[in-house]
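The form predicted on its own is given below as one chain in structure tokens.
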């Protein structure tokens, strides 16, 4: 992961309002002309005004802040369970696309996870989010990324676009900040229940996902199913019982049975994800994109 010092020294991390370079001064970040100043809290630059953070996080009664703050490092048993039992069986093409986008980057590359946190899914990623949550390295806004034009080598954006009221603006910002030849991996829900972090505005079909980024100027390297139909249906059935059955005890019984059923059938997605029809009921779709080198001309 590129350090904060190197991001500033190289001129990549900039003021999100003026796009001016930033300098370290008096324990904070300032624009060269001193007009804009940003605090550094426990090593994390806060490039989003407090009032904007509060406005975002107040949506849906502050549920996002409550849950993200409560996240703890999972125990070894839970990590084993999530890896070998509670798996989402991501499609092979989506895993390969993620590897090409992030794993293949050199150690000195700037790789930004837009909406990253509270987990750190890859050591090369700089997590950017709207609040000072665990594993957030930069506090900023997807609508005004604090990065210079053509300065980011790779971007990861997973389970984020459904929470943005104006996803077209965020896609345009990612295109602006990404260097020519840079890559973007995005994964976004299609068949998932309403979940607000801090709000939930839309899900995307595979076609809609592709078109969103094509409109922003990206070239599509590949796109398809990320997490498949069995995971989607199991999650929806569980949520149905958990949300709508109000009889004490019966709700837990039915929801628990649905969760067990989903867990047992989930490996079917290893085969279903290869089907040309998988996207019709997919939990999430992915898009592997690039910014054409011609954009530098």
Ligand SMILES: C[S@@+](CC[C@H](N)C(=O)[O-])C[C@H]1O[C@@H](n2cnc3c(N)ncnc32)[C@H](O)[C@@H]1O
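Since this is a predicted model, take the numbers as computed values, not measurements. Numbering follows the first chain given and starts at 1.
What comes next is about the form predicted in complex with the named molecule, which does not appear here.
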Worksheet entry | the named molecule: the contacting residue among 204, 133, 175, 185 in the predicted complex [heavy atom, 4.5 Å] | 133
Worksheet item: Quick one: which of 102 to 110, 204 to 212, 161 to 169, 221 to 229 gets within 4.5 Å of the named molecule in the predicted complex, going by heavy atoms?
Response: 161 to 169
Discussion item. Taking any heavy atom pair closer than or equal to 4.5 Å as contact, tell me whether residue 141 reaches the named molecule in the predicted complex.
Written reply: yes
Worksheet item: For residue 116, is any heavy atom within 4.5 Å of the named molecule in the predicted complex, or not?
Response: yes
Worksheet item: If you check in the predicted complex, is residue 197 within 4.5 Å of the named molecule, heavy atoms only?
Response: yes
